[in-house]
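In the block that follows, a single chain appears as structure tokens, in the form predicted alone.
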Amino acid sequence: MAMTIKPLSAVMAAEVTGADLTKLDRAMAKELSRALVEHLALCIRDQDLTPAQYGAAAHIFGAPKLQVLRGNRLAEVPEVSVISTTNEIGGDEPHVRATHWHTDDSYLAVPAKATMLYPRELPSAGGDTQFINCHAVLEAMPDALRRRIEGLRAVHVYRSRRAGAKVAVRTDVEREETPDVVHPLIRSHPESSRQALYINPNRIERVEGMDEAESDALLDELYAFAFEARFQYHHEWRLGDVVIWDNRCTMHRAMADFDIQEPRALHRVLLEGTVPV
């Protein structure tokens, strides 16, 4: 069966069928990397991977990196972390992580290029993931608003006062590894050269050089525009999906629209990125 790639929506994302991530030749791997830049997210269907195979498959798109929160890493494959309703967020009750719009790793000086998720357990209904195309957001942005943010930078922190979702408690070592950082509000993609709005509503503390009120007003305006439905793609998970997305030009969030007593667990891999410019 030949590998096929077809769009999943007019906004972003493509479905890949006929590909076994354990048996790709060089040409297929190159085509998948090209498709990720073009479509911003790929859903590679019908995979059956051990954690070791999953970690190895990530090399198709880049170098896997160790994730900050050590407690979520798999002991046998530490570059793979577990995202589940039983991850500790500050209490013992089941909890859905990452329910507010964000882009992974922006609180680091060198954020992840891409994220891969592979579901191990899914609820009987709901628990999907939504995405935003931040190239499209910037391209559709009113000229006056775009001119206001040209050249501006935002302060990204692990625990923002503006966060819309809870974040896990860090150990002292993890806290030392995650000092506040500053990134541009408009980011150029290192492969396509396209520009995108680069924001993380769950991690941005303020716009650099503004007082709190002025910064909050600008961020609220940016977020209201970026969250419009016309920029979104909604992914309905199936067991066997491997979904990878480009953190340099997208945002995402998990949906909490399912029975929290049902298990939802996914394996995550982050790929080494570059400094946002």
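Quantities reported herein were computed from a predicted structural model and do not represent experimental measurements. When you see a residue number, it is the position in the sequence shown, counting from 1.
Another form exists, predicted together with a small molecule; not displayed. Remarks below refer to it.
- The chain is drawn here without the small molecule; in the predicted bound form, the stretch among 47-55, 247-255, 31-39, 222-230 whose residues come within 4.5 Å of it by any heavy atom is 247-255.
- Although the partner is absent here, Ala136 lies well away from the small molecule in the predicted bound form, with no heavy atom inside 4.5 Å.
- Within this chain, Arg97 lines the site of the small molecule in the predicted bound form, having a heavy atom no more than 4.5 Å away.
- In the predicted bound form, the small molecule sits within 4.5 Å of a heavy atom of His102.
- Contact annotation for Ile83: at least one heavy atom lies within 4.5 Å of the small molecule in the predicted bound form.
- Out of the listed residues Val207, Leu197, Leu117, Leu108, Leu117 is the one that sits within 4.5 Å of the small molecule in the predicted bound form by at least one heavy atom.
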